[in-house]
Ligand SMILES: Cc1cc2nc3c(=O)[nH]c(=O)nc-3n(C[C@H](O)[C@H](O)[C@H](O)COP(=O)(O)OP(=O)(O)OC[C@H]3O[C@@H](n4cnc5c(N)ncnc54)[C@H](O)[C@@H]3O)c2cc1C
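The chain below stands alone and is given in structure tokens; this is the form predicted alone.
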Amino acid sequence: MAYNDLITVYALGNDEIDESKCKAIVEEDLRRLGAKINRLHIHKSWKYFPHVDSETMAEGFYDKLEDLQSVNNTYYGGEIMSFSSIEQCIAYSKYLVNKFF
């Protein structure tokens, strides 16, 4: 892993894992994978999954986000692209890999 890579992580906590414990778990996992962590750029908490409101969606949010795929070698996947079911996340991930790799 190059030292200039930006890594985005989504982690699901619960009542037993607060934000600081969640961050520690993620950092430890990344270190075990060989990542060098220079700093945390942003941390955001929300309930359930990342989503947009109906007005933003009507303005073409997903079309605009899809147009950003591969720009600067950056790809977007997971719940933000396919709702929060494993089946839909897997299907979109396969689509993404088949289209760009």
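The term rigid core refers to the most C-alpha atoms you can superpose between the two forms while keeping them within 1.5 Å. Numbers for residues come from their place in the sequence shown, where the first is 1. Only a predicted model underlies this, so the values are computations on that prediction, with no experimental measurement involved.
Same protein, other form: the form predicted together with the named molecule, not shown, and the subject of what follows.
In the model of the complex, the named molecule sits beyond 4.5 Å of every heavy atom of I17.
The named molecule is not shown here, and in the model of the complex it never comes within 4.5 Å of any heavy atom of G13. The named molecule is not shown here, but in the model of the complex it comes within 4.5 Å of a heavy atom of I86. With the core held fixed, the Cα of L12 is displaced between this form and the one not shown by 2 Å or more.
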